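A single chain, nothing else alongside it, follows as structure tokens in the form predicted alone.
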Amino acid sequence: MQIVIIGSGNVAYHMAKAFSLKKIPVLQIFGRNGEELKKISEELDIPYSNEYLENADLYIICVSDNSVESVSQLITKKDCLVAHTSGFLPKEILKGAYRKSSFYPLQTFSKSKELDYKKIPFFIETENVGDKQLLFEIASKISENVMESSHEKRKYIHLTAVFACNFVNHLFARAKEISDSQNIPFNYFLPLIDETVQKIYEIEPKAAQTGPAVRNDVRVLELHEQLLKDESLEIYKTMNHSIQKMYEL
């Protein structure tokens, strides 16, 4: 099985690293950013190119959603399998005469952050049973959690991930802006953040909710609003409204 990973960003790096750690041979990592490809190549000992795409049996496209369609057209081989790693796009976004699939790892990726790949869920969608078995076999070497998922279900998986990860991280960034504005070290809040996350391993998120909104503490809510302005104030109001609506307060 000749495998090529296309991309030079966070997902491409971690896919290449996960394959490397599990001794799954990667023929080439291909992309536009020669400098980033060179770094990945030197770390993982995988050949790279930003000019010539090798002939392979499986191409895994790890690029931004906006680029998947155009990048997929670079693959002209017909007797091969092509998978994208997007959480939201259908496999039909891939434009070629090859077999189409999706190979979605449910995780947030940064090159500077180590990951335990065996804990990352992978969601597989293919056009036929043989390709499903192939991708399941590859993913199962990396992860303990490999599942089949239709595009319709995967859209909701991705949407849930945006709420649970991207939005939460944005709130961390906004919280740090507030603490920085008052010269309060943000690391003071890390134990609180850790406990908040750990709590939902044992308690349903809805049951774990605390704070002035769920207590309907109007005075504190109003005092907080006086300390905020612009986007932070709008976020504060929106979040509290959502909490109170959920608990019918």
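One rule holds for the numbers: they count along the sequence shown, beginning at 1. Source: prediction; values computed, not measured.
In what follows, reference is made to the form predicted in complex with another copy of the chain, a form of this protein that is not presented.
Of these, 137, 79, 114, 144, which has a heavy atom no more than 4.5 Å from another copy of the chain in the predicted complex?
-> After the contact test, the surviving option is 114.
Have a look at 36, 54, 65, 57 for me and say which one sits with a heavy atom within 4.5 Å of another copy of the chain in the predicted complex.
-> Comparing distances to another copy of the chain in the predicted complex, the residue within 4.5 Å is 65.
Answer yes if any heavy atom of residue 88 is within 4.5 Å of a heavy atom of another copy of the chain in the predicted complex; otherwise answer no.
-> Because a heavy atom of residue 88 falls inside 4.5 Å of another copy of the chain in the predicted complex, the answer is yes.
At the 4.5 Å heavy atom threshold, is residue 45 in contact with another copy of the chain in the predicted complex?
-> Residue 45: no contact with another copy of the chain in the predicted complex.
is_contact(residue 129, another copy of the chain) in the predicted complex, heavy atom dist at most 4.5 Å = Contact with another copy of the chain, no.
Closest heavy atom of residue 123 to another copy of the chain in the predicted complex, within 4.5 Å or not?
-> So residue 123 counts as contacting another copy of the chain.
Determine which one of 129-137, 71-79, 95-103, 168-176 lies within 4.5 Å of another copy of the chain in the predicted complex, judging by heavy atom distances; exactly one does.
-> Contact-bearing stretch, as computed: 168-176.
In sequence order, which positions of 225-239 have a non-hydrogen atom within 4.5 Å of another copy of the chain in the predicted complex?
-> Stretch hits, in order: 227, 228, 231, 232, 234, 235, 236, 238, 239.
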